[in-house]
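Before any questions on how it binds or moves, here is one chain, the form predicted on its own, in structure tokens.
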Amino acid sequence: MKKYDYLVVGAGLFGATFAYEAAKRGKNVKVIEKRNHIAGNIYTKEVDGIQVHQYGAHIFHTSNKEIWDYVNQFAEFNRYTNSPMANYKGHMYNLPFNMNTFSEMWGVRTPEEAIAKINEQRQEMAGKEPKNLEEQAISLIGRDIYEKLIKGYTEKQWGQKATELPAFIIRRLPVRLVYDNNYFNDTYQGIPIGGYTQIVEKMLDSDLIDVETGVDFFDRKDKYLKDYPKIVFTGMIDQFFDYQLGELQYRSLRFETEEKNIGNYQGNAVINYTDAETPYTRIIEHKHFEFGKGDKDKTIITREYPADWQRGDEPYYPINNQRNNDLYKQYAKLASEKAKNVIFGGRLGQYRYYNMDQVLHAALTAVNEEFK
């Protein structure tokens, strides 16, 4: 058997970055991936000349120039600017909350009028301490925007009533008193021309890296731990330890992707459905991420449905409430004591809601720690 320095479990962005950097330093790396493809949740596949984001919309954004320069080694990025719309019972609003939103909602025209309206609506919570997410949102933005653009979407996202969710989930809400629909404040933003999969392909394209897909670490966990001197694990940290301290909570997602015999279905890459009655949270129309590139007579859309997570389901993001964060700290302590040859990384291994730039930063931090 070939001697490897590292086993990387998971061929997503964290695992691929670590493998790439280890190989650059002359290390032999074996990468195993449970799915039948590399690139994890950023995996894109071309259909009808359109790069389809298989696991939901991914827009790369960062204010960290080092991270931006790093990812641009592997792909050329376009100038896509995330400007989602909200559909509330057929009425369209711009996101994030800006002067276009307030004008559509209340007929106001100036920032001064918008502030006056928001302050008037916030009076409902004057002098009261918000006890839940609903009260927190109203105290920040007022009832109209809460009812139409926050309540239904949030309850679908978390699978709980807003009155049962803790207030700290919404610490602040982005209110912009300008007519600007750019969702992110970050300096750098875009989508790789030709999709995300190429980034991971290039990272793993080395004579020192061997990749196997369709391989579940847990089918041979004991053998892997015995055979490899060092393991980089990007799965669920609680599963690694057989849930011995209890189960961390995650949210899952379900995607319905459909080809339409029409060139343009909704006129925007992302439209959120913010009413409670619509079962999905958003519809993504993939061709708009690359400004309409692809078959002019076809389009691909994806409906995104949040779902409760149970063992065996795909976990998409952690639920970082106090109970889970405390439990994760116990798992992290267990890892430092009982799994000294394992590096835990990514959203699931570090139990954090990472954006892509944060995943890269965390992976490069792990690399620096490992090879200092």
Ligand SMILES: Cc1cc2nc3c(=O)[nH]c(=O)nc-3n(C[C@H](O)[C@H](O)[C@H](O)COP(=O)(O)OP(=O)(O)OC[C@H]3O[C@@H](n4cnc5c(N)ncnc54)[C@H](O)[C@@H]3O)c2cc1C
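The first residue of the sequence shown is number 1, and the count goes up from there. For clarity, every value in this text was computed on a predicted model and none was experimentally measured.
The following text describes the form predicted in complex with this ligand, which does not appear among the structures shown.
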{"property": "Contact segment among 334-342, 35-43, 66-74, 319-327, judged by heavy atoms lying within 4.5 Å of this ligand in the predicted bound form", "result": "35-43"}
{"property": "Heavy atom distance at most 4.5 Å to this ligand in the predicted bound form, all of Leu13, Val215 and Arg282", "result": "yes"}
{"property": "Of Gly142, Gly152, Gly235, Pro130, the one that lies within 4.5 Å of this ligand in the predicted bound form (heavy atoms)", "result": "Gly235"}
{"property": "4.5 Å heavy atom contact, His61 and this ligand in the predicted bound form", "result": "yes"}
{"property": "Contact flag, Met356 vs this ligand in the predicted bound form, heavy atom cut 4.5 Å", "result": "yes"}
{"property": "Partner proximity in the predicted bound form: Leu253 to this ligand, non-hydrogen atom cutoff 4.5 Å", "result": "yes"}
{"property": "Gly49: touches this ligand in the predicted bound form, heavy atom cutoff 4.5 angstroms", "result": "no"}
